[in-house]
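In the structure tokens that follow, a single protein chain appears in two forms: structure 1, then structure 2.
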Structure 1
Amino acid sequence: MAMAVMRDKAAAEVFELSTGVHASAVVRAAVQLGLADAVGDEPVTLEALASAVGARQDTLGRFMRLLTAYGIFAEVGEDRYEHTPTSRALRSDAPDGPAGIIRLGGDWNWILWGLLAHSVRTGESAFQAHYGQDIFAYFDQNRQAGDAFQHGLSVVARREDPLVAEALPVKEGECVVELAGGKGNLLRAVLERHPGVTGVLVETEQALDTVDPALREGPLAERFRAFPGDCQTAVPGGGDVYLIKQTLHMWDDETCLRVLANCRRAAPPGARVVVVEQLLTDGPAERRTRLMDLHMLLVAGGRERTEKDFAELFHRAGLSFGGIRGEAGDLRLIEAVTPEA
């Protein structure tokens, strides 16, 4: 394909957007090959690098030439390369772990974005349409993809969960019930941040088998309880705060309403439901959330929501909208209150 030089500015901008997949593929391939981990503190020869990552020397040389054009590695002599700050960020041991997040999507993510027009036309999940099953059933059958997904989520959680625990409006002696909380990483952060609080994790039997060991053993175990089940069917009663982090955006409105109504029925009067999600708003940083909105459509038929959307969902579920109660990075803590008796 010829890379055309366009004199019309608008045409050039649109063309540049259309080739964004190329840059994504370059970064993803660098992570898949493990190049950043194969380069140490000293420059490395192309021959040694090819041997370390199991690649042909000639094609790797062509790839490294492109990576240096993006500022990923620097050539410091003929066929000798060293790290740049950008390439160091792709190491597995980098502080914010973007490599793990990049691996999270796997091959299925590339396939789904190629089906965006289908989902826009039909409103259907591209994942369901392509694979004939939902994403979690797929992960059950493809453990490598599932493990990469869970590892990527854990990288994100290490950054987000302490911020959510800090911002969570909870008082001494209250019980926090987390719905669909995976391994319980967020609930652990809440219990560590609030020593006078107890916690209940609602998850499937399979997920509870892999719960964070710190919740089962040691001092936190006395304040922790597991509740096996599906929050779309039922949730335990007696909670003061029902916590739902980045789960509702995977579901359509009717599924969300079932879960919220379960909370209303189970919770005592005046209990709070705290939903932790990104909010669709207007502003210069909004592109990322709008991309995530379409990503949720592709993956599970879900969506990101505005503050007004959440207020309407809560009202339909018989809850009172309590407003935005806190921030945790890009996430917002959106509160609903169960009606008084």
Structure 2
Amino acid sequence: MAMAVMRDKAAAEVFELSTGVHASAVVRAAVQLGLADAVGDEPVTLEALASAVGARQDTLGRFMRLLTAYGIFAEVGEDRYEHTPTSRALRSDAPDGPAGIIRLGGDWNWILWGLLAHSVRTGESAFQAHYGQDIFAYFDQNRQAGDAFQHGLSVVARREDPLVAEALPVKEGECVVELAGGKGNLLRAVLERHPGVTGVLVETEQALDTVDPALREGPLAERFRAFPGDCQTAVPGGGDVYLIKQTLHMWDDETCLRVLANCRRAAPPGARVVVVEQLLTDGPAERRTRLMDLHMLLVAGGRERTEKDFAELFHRAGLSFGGIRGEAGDLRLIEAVTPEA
């Protein structure tokens, strides 16, 4: 449309950026309709596809025409479609499971980005502004959204948790208390990687309802304990390592300080608090972390942090900063130590 008549390069670039929402909507709708799962190894007719996904044939035909323009499916003959590598990647059983990650951000996520200007202007979480409640309270009342969120996190976890478990500074015989560990994917990886270690998972009742069955039954069960609770209020004692992965970034500094101070109070002297997060750095190529920083503002009033931000948070919580103790892909293992008695 207007692009064609834009002679100014910067104007054309900024317009192009503003249309990014269309590509997101196209991919999201393809996942919502379940199109990739409805196409097998053989080409499929539009009629069969419309019937399989429960859509009107005429509008689905128009949507398929657009999808093929993005390289998602290819048209082979009139009104017959087959997979391309990109459409295959949207199948529920595809490697790395992008469809599960796309479903993680349900309708609620879509609405939040439309409120970005509000959050930038006010500092208020868009979620709170729109729904009048915290995201986890919302998940309590909307189980399907909560389950899709936890499922999406597990898909991501499958890739990164074994790396975190490998890098975790823990010794045989120690107890790892994981706060806000979702379905327990990371704790499972830790127990599998370190056979002499025991684990406690502190989570909401809802997340514990769908905890990884491998932690409840089988050989890991005797080294695992679930602790339903609110880590902003209290955390269990007796841990040698308090592990918190990709959760502090959801919270503002005051909330993080409450959780870290709970660890300091509950843990024995010299225990480690290991925070696993991606770090904000000054590099110009850090668009992903900078996006995530604003995403956290929208979702829960949180933020991404630099190494220096973490050192300051630990100091304010009465912990000493132990430095970066390891890495797992983009994630860093940032350590704090509880004071000696």
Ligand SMILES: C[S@@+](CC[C@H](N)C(=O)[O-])C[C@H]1O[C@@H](n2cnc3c(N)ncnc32)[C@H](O)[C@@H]1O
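Residue numbering: structure 1 sequence, from 1. Since the model is a prediction, treat every value here as computed from it, not as a measurement. Each form is matched to the other, and the largest set of C-alpha atoms that superpose within 1.5 Å is called the rigid core.
Structure 2 is taken from the form predicted together with the named molecule, while structure 1 is not. Once both forms are fitted on their rigid core, the CA atom of Gly114 lies less than 2 Å apart between structure 1 and structure 2.
Thr210 is among the residues whose C-alpha shifts by 2 Å or more between structure 1 and structure 2 once the rigid core is aligned.
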